[in-house]
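Below, in structure tokens: the form predicted alone, a single chain.
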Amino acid sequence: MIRGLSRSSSRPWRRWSGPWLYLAPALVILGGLLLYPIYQLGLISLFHYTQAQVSGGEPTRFEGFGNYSALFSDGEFWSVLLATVLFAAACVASTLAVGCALAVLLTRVRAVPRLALMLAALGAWATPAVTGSTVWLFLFDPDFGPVNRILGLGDHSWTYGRFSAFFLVLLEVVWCSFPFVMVTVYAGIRAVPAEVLEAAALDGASQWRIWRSVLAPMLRPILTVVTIQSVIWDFKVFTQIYVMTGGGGIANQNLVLNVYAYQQAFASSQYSLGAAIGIVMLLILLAVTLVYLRLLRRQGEEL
């Protein structure tokens, strides 16, 4: 009896520890690759860290939260943060709209056009950000770009104005981001029973009404995933802004947090201030990730 009790009492522990033992090697590697850099970033943000320390000198002054206090008292930081939030929101909304519309279109076209659209979208998705940004700059170039010629805009410079530059970068971000949304949502639509869509069509529902009242509620878990991931990706955009606006635009009118952190750390040699911006971005994205995990857990309980 004692042996039976000891075996049965050890089984719950084995069921709990078994998955963690399998995950342990990956967790150790990820811990070394992620936790240590975050620790170093947080440590640098607490010291007075300049070019002298990068060259091998020891930090001479402990700032504590002084870098964060200087950051939060700087009006430029709050304006850049607001611009980052608004720009990321516009990118996410546009990416979702284009991706969902093309996903519905994929269900309406024949096999050959569907394959062509899939290949074109995956080509855009696989294009490196630097290459894509350079191509979009050429397309909208005031002297040699075809877009100005087609629209009859002459030598209009898209990167000169603040909003036109942000709009140009938004187009490139959407172009390289919508394939993920399109493919994911298309897979979800294909999993919806055809009888449900046929019943809605027989009841006289339009395509927009079918999407709003039938598909969108059934695809809510998938839409939540692509939305949160798009928020994370678009909030930390760097390459497109840096390449297409020349490092932040004229008089830094097109700064976002990632580019702002780069300017503070590498252009001004204020590495501690740049690290503080990085920690702030990390906390914001961590909060978004926690909301994402909570929504996934809640949807799993509902299902």
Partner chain sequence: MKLPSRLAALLAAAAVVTACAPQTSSNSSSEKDDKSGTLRVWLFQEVGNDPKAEVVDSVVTAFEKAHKGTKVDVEYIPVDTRAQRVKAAFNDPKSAPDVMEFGNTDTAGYVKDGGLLDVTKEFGAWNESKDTDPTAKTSVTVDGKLYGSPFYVGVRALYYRTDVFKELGLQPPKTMDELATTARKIRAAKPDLYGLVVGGAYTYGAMPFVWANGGELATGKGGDYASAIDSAAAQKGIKAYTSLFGDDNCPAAKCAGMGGNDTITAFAAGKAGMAIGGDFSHTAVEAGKVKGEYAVVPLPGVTAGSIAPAFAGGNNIGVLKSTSHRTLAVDLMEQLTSKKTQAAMFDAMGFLPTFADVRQQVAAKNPYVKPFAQTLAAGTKFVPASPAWSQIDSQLVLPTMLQEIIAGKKSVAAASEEAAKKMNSAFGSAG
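Take the two forms, find the largest set of C-alpha atoms that superpose within 1.5 Å, and that set is the rigid core. Numbering follows the first chain given and starts at 1. If you're wondering where the values come from, they're calculated on a predicted model, not measured in any experiment.
Form predicted in complex with its partner chain: not shown, discussed below.
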Original post:
Should the three residues 36, 264 and 271 be counted as contacting its partner chain in the predicted complex, with contact defined as a heavy atom within 4.5 Å for each?
Top reply: yes
**OP:** Quick one: find which of 65-73, 274-282, 232-240, 249-257 has residues within 4.5 Å of its partner chain in the predicted complex by heavy atom distance.
**Re:** 249-257
Original post:
in the predicted complex, does residue 142 have a heavy atom within 4.5 Å of its partner chain?
Top reply: yes
Original post:
Though only this chain appears here, would residue 160 touch its partner chain in the predicted complex if you measure heavy atom gaps against 4.5 Å?
Top reply: yes
Subject >> Exercise: residue 203 in contact with its partner chain in the predicted complex, heavy atom 4.5 Å >> reply: no
**OP:** Report yes if any heavy atom of residue 155 sits within 4.5 Å of a heavy atom of its partner chain in the predicted complex; otherwise report no.
**Re:** yes
**OP:** Superpose the two forms on their rigid core, then report whether the C-alpha of residue 251 is displaced by 2 angstroms or more between this form and the one not shown.
**Re:** no
Original post:
Honestly, after the rigid core fit, is residue 51 moving at least 2 Å at Cα between this form and the one not shown?
Top reply: yes
Subject >> Core superposition between this form and the one not shown, C-alpha change of residue 42 at least 2 Å >> reply: yes
